[in-house]
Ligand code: BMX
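Take a look at this single chain in structure tokens; it is the form predicted alone.
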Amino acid sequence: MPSKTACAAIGIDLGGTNLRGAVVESGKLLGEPVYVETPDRPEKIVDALVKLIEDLLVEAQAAGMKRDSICGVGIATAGVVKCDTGEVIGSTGNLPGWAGTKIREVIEDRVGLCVHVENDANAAAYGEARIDELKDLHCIVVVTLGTGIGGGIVIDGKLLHGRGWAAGEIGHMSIALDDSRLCTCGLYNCWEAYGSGRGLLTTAREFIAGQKDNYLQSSLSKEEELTTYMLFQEAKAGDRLACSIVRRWHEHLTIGIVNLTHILNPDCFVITGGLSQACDLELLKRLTVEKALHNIGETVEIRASRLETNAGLIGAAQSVIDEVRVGVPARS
């Protein structure tokens, strides 16, 4: 096993489309991530993970890094992960049959390194929370905006997992009473059904179906296949209907931010994910101040991700580094 002075680790972000891996040291990538297409069956995914790890070890050694300076492997994966055993206990539609896979056990046996497995959104949250200007804060909530909404909660430097390892599923808080929108999880009116990319498109279709006369010239009403990119581009160009839709999306996002503010009173929200670049953080902050209890919304910082698409990869690797060097798990 590596010594406690080892300060680098391999980080892998396991998604439904690609595996991304890199060596991470001091919270930074050593070289560009390596991409491998995600296989379609669990046993093939494990084989691909092993090969990716071995390839990264060879690459690191070729660059002059000794093998014993790499303390382990951190793997960020979609699904609910029982982190103390490294087993996936709740799968995802993007990785069919993945539930029940004992990732840590099988990978450790084959590569001979410590392995830590984490939910992908939690890993991203841990990566963001470990950057210098945030690492001493008490409570950080990371919100991942994409096709869905993911999240992670870091309190006093540790990830909050909950009794069933499912804490931080912030996208599935209910934000309405009537059964108006069905979420992909099977429940109605989840925050994800409104604030995600999929939710934004649902809102757009509702606006277009009920648009008033002064919106009839909008180019959106002529498009058969709407995309989030199209909506943001039209809003940027000043299209009134698109602007109204994007404004409503920010209002939907605000509901979740305000709920989390009232429950956790965090120091900081970090907004990341594919839609984060389109999110107007100043507007989100103003709306939060308007809708939160007096003197609570004003104290919360809402900031953009510093790590962007590498947050999960870096967070997974950093969790291994911290556990080996400090001896304290990056979780509670």
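In this text, residue numbers run from 1 along the sequence as written. In this text, all values refer to a predicted model and were calculated from it rather than measured experimentally. Rigid core here is just the name for the largest C-alpha set that superposes within 1.5 Å across the two forms.
Keep in mind that the form predicted in complex with the named molecule is missing from the display, and what follows is about it.
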Residues Glu133, Leu281 and Ser305 all lining the named molecule in the predicted bound form, heavy atom within 4.5 Å = no
Is Gly72 a contact residue for the named molecule in the predicted bound form, using a 4.5 Å heavy atom cut-off?
-> no
Considering only heavy atoms, tell me if Gly148 and the named molecule come within 4.5 Å of each other in the predicted bound form.
-> yes
With the cut-off set at 4.5 Å between non-hydrogen atoms, does Lys102 touch the named molecule in the predicted bound form?
-> no
Is there any non-hydrogen atom of Asp120 lying within 4.5 Å of the named molecule in the predicted bound form?
-> yes
Work out which of the listed stretches, 257-265, 124-132, 236-244, 166-174, brings a heavy atom within 4.5 angstroms of the named molecule in the predicted bound form.
-> 166-174
Exactly one of Cys83, Leu159, Leu95, Cys114 has a non-hydrogen atom within 4.5 Å of the named molecule in the predicted bound form; which residue is it?
-> Leu95
Taking 4.5 Å between heavy atoms as the contact cutoff, choose which of Asn189, Ser91, Gln211, Thr202 touches the named molecule in the predicted bound form.
-> Ser91
Displaced residue check between this form and the one not shown: Ala311, CA, 2 Å or over, core reference | no
